[in-house]
Structures are given as C-alpha cells and as structure tokens.
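Just one chain follows, in the form predicted on its own, and it is written as structure tokens.
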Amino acid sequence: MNYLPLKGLTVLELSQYLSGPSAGLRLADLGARVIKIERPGGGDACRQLSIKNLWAGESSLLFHTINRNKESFAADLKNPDELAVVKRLIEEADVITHNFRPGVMSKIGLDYASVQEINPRIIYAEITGFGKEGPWKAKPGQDLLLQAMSGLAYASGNVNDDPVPFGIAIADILCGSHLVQGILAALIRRQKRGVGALIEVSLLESLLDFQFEFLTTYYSSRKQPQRSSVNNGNPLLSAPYGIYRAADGFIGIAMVSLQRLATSLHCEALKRFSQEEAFNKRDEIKAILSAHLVSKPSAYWLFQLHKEGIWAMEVMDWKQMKQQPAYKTLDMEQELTLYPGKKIITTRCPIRINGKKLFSSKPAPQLGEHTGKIKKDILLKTP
C-alpha cells in the first residue's frame, strides 16, 4: 500500500454523523491515518443511528459504512487532563476536522486560532450547516432540512407533485467531498509554502453549488425552472429527457432529436413536432411518448433505440444492477470482518491510482479501541 498518496499524514476527526466522517473516510482510503476523537460512553452519535434496525455489534451498520479504516481515541474534551492529551495529538497532526455547531470549538479551546498556536502548519477543516455568520447560523444542519431550504426538493418529481427530496443524504456526502478538496488544496500549498490553512464549508453552500445550473438560469431569468407535467428528468431540459414506463418496467431516455426518436420508435404522432417545439410543448410530447412506450416491453424499445445509437437505458434496482457483467467488472464491493463471525460487504473507494483499485479491509473501530496505544505513542515522543 506504499502507493497511497496520503500515507504518513495524520488526521484528527472531531466529526460525527455523515458529513465530516465521509471526508475522513476518503482521506483514509487515500492513505491517511485518521483518528476519531470520540467522547467516552457514547462516541460518535452515528454509532446509535440505525438504518432499519441494522446493527453490527454495538454500533449501527451506518457507522461502519463511513468509519472503516479509522482509529478511535476516547477523550472527554471538558476534562483538562484529557484535553491536554488531545492537544499533544494536535502537535503531531497534519489535519483536524470537525462539524460542531458554530461556537462549540471556541468554548472547548480548540478553535482555529487556538489550534494554530499549538501547530501553525495544521490544516483546520470545519463543516457547518449554514455557515458561521448570518441569521441561519444556529439552525440545525440536518440533510433533509437543508434540501428543503435550498430549493433542491423542487428539482425532482413532476410539476404537480409535492417537493421531492433525494433518497440519500446528498448534502452530507457533497459537503464531505468539498471538505476533502479544500484539505488537499491546502496540503499542496503547505508543501510549497510551509503554512497551514483554515478550510470552511457548509451544507447549504454545497447544495447551492450542486444546483449551479438551476441557479444560474434563475439569476438570469428570475423565473423558477418548471418541472414537466409527466416524466420529469431535469427541469432545464426539453423532451424527451425523462424516465418512462414500458409494459414490464421503465426506461430512461436522454437527449435526442424528436424526429430521430420518432423514427426509431415508429411513433407517428411524434413526427408532427419540430425540434424547436421540444421544450415549449414538452408536456404534450412526453404524454404522447408515455402512451406509446407502455405498449411494449422495455427490451423491445431498448433494442430499437440502441440500434439507432440513441442514449437510453433500462431502469434497474440494485438486485438487477448487481447481476450485470458491467457492474461485476467494476469490482466495487469489499468485505470487512468486524469481529469473529461477523462480516459485512460495503463499497470500496471509487478512485484508482496508477491502475490500482483502493481496498481497505480495516473495519470501523470500537469506541476508544486505540486510546491506550495512541497515548503510549505520545509518551514515547515526549522529551
């Protein structure tokens, strides 16, 4: 594993739930030593956040999915003696991450200015829900609530549907990725100039960036993008873009000229529309297409579309996807042994380096599992 680019770097993770730990997961995948600083007795609150009552030992399955390949150091940051030990860790660390509410780290004495005095070269990376300033700064930084407030829930579903949230914690995952980008940029600058940095991201800013196409359109027109009445795929795109029901399932159809699509599907009703009408008459076109496609199985339509080189795919659930040779070729799954007799399968890091896929078999740590060893290492380094 010597090819991992972040090998030799130490990250202290004072983060919980999803956004900060997802950033730590990626840094660990890339070779960094990630040490979770957790409160004794409970640890990262995500340990108790169950998904459909799925547990792996004393921690939730969700905790294991984003905390593999890390170490756990239990410390009560309100205890002066234990805080002093954490400060010794900060002296040796390269990066520190947290996603506490604004002001919490200042009360502890671990705000950026204080940490910089301990280690001027530290990369201090923090996540908030809405930033550290402004009237929303104290609002709860929870993924669904951010989707609601950012307008994102109006991108999915049809025009008469209620707002539709993403089915995943999209704000947390995007924000964690943005934090990693900022950390890596700061590490490169530190290598060149020898200085640390304060990296700040927020869930709201990440979701606004995610919607840059929608928002740029809105800033220009002052009009909210309108979802299709049926088969909405993207409010900014014309027909036929969307997902359609066939006789036995669903297919997704991407961008294609209407005349080409009409010929491929033998749909005479579509031939009367010009390409210039693809957006203005989007709902009418999609309704015609929907009524036409439901008459035959998806395999029939996909054959007709692929024969003409038109971008279309079957809509698959995870069971169907896993059966595909293309999915198996990616080799995205890896097995973790949590403890004797208990194994789980999760995804690997999606990045490849010099052609090598990045796997890590080290499971998420038990609470405080590495406290003794890390303290011993610190004492050995003490003059």
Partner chain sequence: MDLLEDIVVIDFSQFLSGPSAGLRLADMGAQVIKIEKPSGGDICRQLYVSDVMIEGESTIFHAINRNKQSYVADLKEEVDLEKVKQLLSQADVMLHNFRPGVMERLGLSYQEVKKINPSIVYAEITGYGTEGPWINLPGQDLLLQSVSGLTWLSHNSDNMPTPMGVAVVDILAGTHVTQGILATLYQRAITGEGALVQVSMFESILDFQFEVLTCFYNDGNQLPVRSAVNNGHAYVSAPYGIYKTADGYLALAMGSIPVLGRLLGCGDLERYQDSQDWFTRRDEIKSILAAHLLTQTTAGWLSVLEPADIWCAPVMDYEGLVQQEGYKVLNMELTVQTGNGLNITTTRCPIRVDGNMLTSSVGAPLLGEHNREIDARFSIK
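Numbering follows the first chain given and starts at 1. All figures in this text were calculated on a predicted structure; none of them were measured in a lab.
Unshown form predicted in complex with the partner chain; subsequent notes refer to it.
Considering the partner chain in the model of the complex, the lone stretch of 125-133, 82-90, 103-111, 262-270 in range is 125-133 [heavy atom distance within 4.5 Å]. Contact check for Lys362, Leu367 and Leu380: none of the three has a heavy atom within 4.5 Å of the partner chain in the model of the complex. None of Ala254, Ala291, Ala299, Ala247 but one reaches within 4.5 angstroms of the partner chain in the model of the complex through a heavy atom, and that residue is Ala254.
For the options Leu258, Val180, Ala75, Val95, the residue carrying a heavy atom within 4.5 angstroms of the partner chain in the model of the complex is Val180. Although the partner is absent here, Ser228 sits far enough away that none of its heavy atoms falls within 4.5 Å of the partner chain in the model of the complex. Within this chain, Lys307 is remote from the site of the partner chain in the model of the complex, having no heavy atom within 4.5 Å. Taking the partner from the other structure, the partner chain in the model of the complex has no heavy atom within 4.5 Å of any heavy atom of Ile285.
For Tyr327, a non-hydrogen atom is located within 4.5 Å of the partner chain in the model of the complex, even though that partner is not displayed. Residues of 208-234 lying near the partner chain in the model of the complex, listed in sequence order, are Leu208, Asp209, Phe210, Gln211, Phe212, Glu213, Phe214, Leu215, Thr216, Thr217, Tyr218, Tyr219, Ser220, Ser221, Arg222, Lys223, Gln224, Pro225, Asn231, Asn232, Gly233, Asn234, the criterion being any heavy atom within 4.5 Å.
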